[in-house]
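Only one chain is included here, represented as structure tokens and corresponding to the form predicted on its own.
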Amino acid sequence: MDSKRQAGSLLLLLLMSNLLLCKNVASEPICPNRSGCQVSLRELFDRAIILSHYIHSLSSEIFQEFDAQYSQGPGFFTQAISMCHTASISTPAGKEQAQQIQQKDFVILVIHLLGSWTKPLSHLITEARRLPKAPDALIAKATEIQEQNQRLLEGLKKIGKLVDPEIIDNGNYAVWLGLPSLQSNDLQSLLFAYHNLFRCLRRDTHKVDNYLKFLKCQIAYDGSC
């Protein structure tokens, strides 16, 4: 019995250590030197991937927590599904399609995908006070996602410059027109708007996470991974 208890304690300590390590690494700047990166592309991609995975984990949590708190019964949110505002950004459906995209264009694609969430996240945080039950935890998590998404965006721009000096952020982001929905006085419409926004956020952060792993393989390892 003692050995089982000791094993359980050890496992708990290992899990806590991993969580702290992940949070500490995610809080480090991707490219710490403002005048230029002195870190290898592999390490830069590693940092970006750790951060993107952290963002996706938060996005999955906030999606699940919102639905658990505001669902009014089984299947309540099934009728809420609508097209994501980032659907206008053409993204590869699989590895074969991804391999057909030039590295420069792929990096720009991910930059545009990240940048397309700057405005929605900002308004989401501002308008979330309209939701019932004062969701302070939800707002705090959304704020963390917003801050880390911006860090990842800036970090990827720096990585892009190392990949190809011609890579620039032209601000050609997907247009988001969802603010009126977040300000609706109809409770069901309001809940549907937030559900869909969180669903799309989870989807896009998952894409970014996968795309960065693919780019790391193609750029930092010349496709040999």
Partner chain sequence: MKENVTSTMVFILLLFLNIRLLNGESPPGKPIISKCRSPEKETFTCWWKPGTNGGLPTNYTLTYYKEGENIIYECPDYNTSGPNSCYFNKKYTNLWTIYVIRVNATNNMGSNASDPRFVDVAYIVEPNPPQNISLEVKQPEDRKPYLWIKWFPPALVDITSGWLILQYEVRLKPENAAEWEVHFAGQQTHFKILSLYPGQKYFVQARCKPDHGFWSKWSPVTSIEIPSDINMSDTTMWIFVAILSAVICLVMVWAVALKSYSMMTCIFPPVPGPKIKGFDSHLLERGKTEELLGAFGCQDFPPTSDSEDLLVEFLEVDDSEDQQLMPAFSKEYPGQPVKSRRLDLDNDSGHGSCDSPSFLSEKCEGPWANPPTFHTPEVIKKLENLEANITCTWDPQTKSTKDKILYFHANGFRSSTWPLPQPTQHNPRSPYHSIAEVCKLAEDPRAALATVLHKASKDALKSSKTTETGEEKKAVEQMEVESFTSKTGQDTAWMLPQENASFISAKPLDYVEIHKVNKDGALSLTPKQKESIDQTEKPRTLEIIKEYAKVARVMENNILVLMPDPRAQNIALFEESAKAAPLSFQQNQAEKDMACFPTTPSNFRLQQDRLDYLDPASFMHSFHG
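Positions refer to the first chain, counted from 1. These figures come from a predicted structure and were not determined experimentally.
Below: the form predicted in complex with the partner chain, not depicted.
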### Message
At 4.5 Å between heavy atoms, is His53 in contact with the partner chain in the model of the complex?
### Response
yes
### Message
Whether Ile89 contacts the partner chain in the model of the complex should be assessed with a 4.5 Å heavy atom distance threshold; does it?
### Response
no
### Contact label in the model of the complex: Arg129 to the partner chain, heavy atom within 4.5 Å
no
### Message
Quick check on Ala98: any heavy atom within 4.5 Å of the partner chain in the model of the complex?
### Response
yes
#### Entry: Neighbours of the partner chain in the model of the complex among 58 to 82 [non-hydrogen atom within 4.5 angstroms]
Thr78, Ile81, Ser82
